[in-house]
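Below sits a lone chain in structure tokens, taken as the form predicted alone.
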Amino acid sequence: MSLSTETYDVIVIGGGVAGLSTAMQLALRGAKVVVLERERIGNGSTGRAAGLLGQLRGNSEHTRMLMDGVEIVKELEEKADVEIFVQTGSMRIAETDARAEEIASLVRMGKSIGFAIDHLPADEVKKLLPYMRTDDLIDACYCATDGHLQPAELVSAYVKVGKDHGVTYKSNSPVTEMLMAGGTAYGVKTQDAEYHAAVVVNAGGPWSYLNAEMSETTLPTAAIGHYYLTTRPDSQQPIDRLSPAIRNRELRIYSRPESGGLIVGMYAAEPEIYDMKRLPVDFDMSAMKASQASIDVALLLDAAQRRFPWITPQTPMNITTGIMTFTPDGRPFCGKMPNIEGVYHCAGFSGHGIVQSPAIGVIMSELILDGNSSYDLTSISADRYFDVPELKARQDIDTKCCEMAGNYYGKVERPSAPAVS
């Protein structure tokens, strides 16, 4: 029995925010696009994300991407008539001298490019966050324009605007084969159909390295487990909806308000790694369960209680676990590899897919339709590890990515030169 064939300009593999944003931006420029999602749209890593948005990054170009992303989201909110960005402000806190210098470096860098960030006195920290322990803090910095993106609302907006401009969405359509001829991809195959297009975008999240293997390409990403808790609303411990997000890197945790409660997540020192090949074909990330008896949850609860003493194992809460996609340097892969034509990668967002997705959609559409981008993509180019022999074997890739994930909050960022605007 022959499969039916559908033809498009671009095929996007993966219905998470990176793929959805890319599809939307391509459609806004007139491309005919189909999104093929293995399960349900927005149900993978996107559906398990906390969505914190901190705009200031290690260099001015990454910062510009996130600042531009906020403006893109504001336009999306108008088009889709939904609130996506909740501007709570964000704060980094330091309880050691090394972390205080880390904050001082961040503030210096931010001010050097005109970014609105500054140190915050202890009494102001206490005023903004009455439910957080503050007596051990040495320093803090605050950015009023940060906040978080609401994942479900962001997905809904991408899909609405995408549909309005002709994007086709196919759920429960895992890609089983990349169609190749002479070193060039010309489409993909699912159980139900063949899809032909001059461009295939690999935005498969944790499955991206498996998608890359279909085109005989090594993509050095790894699937890393992540946990966060969400406390339930408590009249004895009110959490203002607009309380600032917190990054407490010494304890490896972050937090933000959520529906009257508090989200607290952790970047573990020894994160769990997943072999995506071993997961069942019908694996549903939204069905993942976390036991409070697990070591990862125990470490999360211990760190959360150190910063928020009212959080104990007996506190009514939900524990969320999911899978993130890490790279050896914590930055995504965007663009083509030199060994294959027609395949663009858009993966490896290392826990920041939600907040990076607005600008990433623009970047991918520029690469595909124009052949270049208005951003300097040197640090996120898909081929930056292509010729590195130490990152060819899956075991070596997993080790490097795991080390990166384990150091993500744990490593103290040393003072750097001011970012160049």
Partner chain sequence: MKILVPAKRVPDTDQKIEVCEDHSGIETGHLPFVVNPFDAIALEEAIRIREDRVDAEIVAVSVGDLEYEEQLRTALAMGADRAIRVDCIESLDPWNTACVLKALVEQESPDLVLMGKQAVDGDCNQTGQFLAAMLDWPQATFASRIKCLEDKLLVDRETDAGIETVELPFPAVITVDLRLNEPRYASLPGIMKAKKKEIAEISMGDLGVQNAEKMHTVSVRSAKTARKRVMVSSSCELAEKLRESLKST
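Numbering follows the first chain given and starts at 1. Note that the coordinates shown come from a computational prediction; the quantities given were computed from them, not determined experimentally.
The protein also exists as the form predicted together with its partner chain; that form is not presented, and the subsequent description refers to it.
J.: Pick from L299, A116, V86, A152: which residue has any heavy atom within 4.5 angstroms of its partner chain in the predicted complex?
T.: Flagged contact: L299.
J.: Only one of E216, D275, D282, D81 comes within 4.5 Å of its partner chain in the predicted complex by heavy atoms, so just point that one out.
T.: The residue from E216, D275, D282, D81 that makes the contact is D282.
J.: I'd like to know whether E366 contacts its partner chain in the predicted complex, with contact meaning heavy atoms within 4.5 angstroms.
T.: No, E366 stays farther than 4.5 Å from its partner chain in the predicted complex.
J.: Can you tell me if S294 lies within 4.5 angstroms of its partner chain in the predicted complex, counting non-hydrogen atoms only?
T.: Flag for S294 set to yes.
J.: Can any non-hydrogen atom of Q314 be found within 4.5 angstroms of its partner chain in the predicted complex?
T.: Output for Q314 is yes: heavy atoms within 4.5 Å of its partner chain.
J.: For I319, is any heavy atom within 4.5 Å of its partner chain in the predicted complex, or not?
T.: Result yes; I319 sits at the interface with its partner chain in the predicted complex.
J.: Report the stretch among 331-339, 121-129, 107-115, 284-292 that approaches its partner chain in the predicted complex to within 4.5 Å, counting heavy atoms only.
T.: Looking at the other structure, the answer is 284-292.
J.: Considering only 197-232, what residues come within 4.5 Å of its partner chain in the predicted complex, judged by heavy atoms?
T.: Residue within 4.5 Å: R232 only.
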